[in-house]
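The form predicted alone is given below as one chain in structure tokens.
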């Protein structure tokens, strides 16, 4: 486990305010969740009591918190970055928030965080019926998509711990164990190699591997099975996410064939990544390989997703996304082929766009691994 790194929250808040102004917004309203942690270093749980960070283009940021949580907010990085305004139980927090939104709040245009509870947003809309609201992710998604050097290092450390987890699990016996047992072992390895928490573990054996988000169950893994292993957790707040497909004993010829196709598709997508390339073109590079091999209908999800404080965040590596890639963007490349009732194959790595190309943060073996 590596120590937490200092983040430039002041710079992030300033850039968020500037971006909000450029988008024609009077303020961003940021609720508890990854956006608040990213901007202010404060990560409280979402509750029925309103907590909201207000970021305005023309003023200093302010954090509205319940009085009983004021000491926690003050002890976080937010305490030295911005004004904290408490409200007490029995008071109207939405009236207080309206005042913090500025003198023209009644007819303002605001970006509300994606993670803001509907009950909070609707109460604020009732308080400001002539105001307009849009998704703050239009602004914050673009900011969070580009990682700085400290964030890339945290993602690299998380990826390295996930690589070690795969190295450990592939040395274990698979045949005769239930999917749940292998999932439990993966979880234990993730923690042992430095993750504070386990976010998800997918173990899809045999026909279950054809369901991309299969939940590990009681099916006993058999010789001849292909097994999709997709797992990740959090290390110092940043996510890991890796997928490898293993064969239990000698793989069937079609398992080898499909795995080779998916491996070639992933390589083609990786080689397509560079600054300025549209995110959708990376998806197209992977999809073309799979379509030419005759498995196009069996690849039915996007090629990748951004990663950082969340397992899934912008940029989206999907058909039709014309967003140009920029240095610092980190995302998965994870093509797959799924033959319903038979088996599935997926290979996933986390990559980061560099000034002149791309770097893989995962280094675990990508060739078809045979396990016992």
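Residue numbers count along the first chain shown, from 1. Since we're looking at a predicted model, the values are computed, not measured.
In what follows, reference is made to the form predicted in complex with a further copy of the same chain, a form of this protein that is not presented.
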{"property": "Contact check for 174, 220 and 351 against a further copy of the same chain in the model of the complex, heavy atom at 4.5 Å", "result": "no"}
{"property": "Heavy atom of residue 90 within 4.5 Å of a further copy of the same chain in the model of the complex", "result": "yes"}
{"property": "Non-hydrogen atom contact residue 119 with a further copy of the same chain in the model of the complex at 4.5 angstroms", "result": "yes"}
{"property": "Residue 302 within 4.5 Å of a further copy of the same chain in the model of the complex, heavy atoms", "result": "yes"}
{"property": "Partner proximity in the model of the complex: residue 270 to a further copy of the same chain, non-hydrogen atom cutoff 4.5 Å", "result": "no"}
{"property": "Contact stretch among 233 to 241, 134 to 142, 166 to 174, 186 to 194 - heavy atom within 4.5 Å of a further copy of the same chain in the model of the complex", "result": "134 to 142"}
{"property": "Listed residue that, although a further copy of the same chain is not shown, lies within 4.5 Å of it in the model of the complex (heavy atoms), from 289, 246, 161, 113", "result": "113"}
{"property": "Sole residue of 264, 85, 72, 152 within 4.5 Å of a further copy of the same chain in the model of the complex, by heavy atom", "result": "72"}
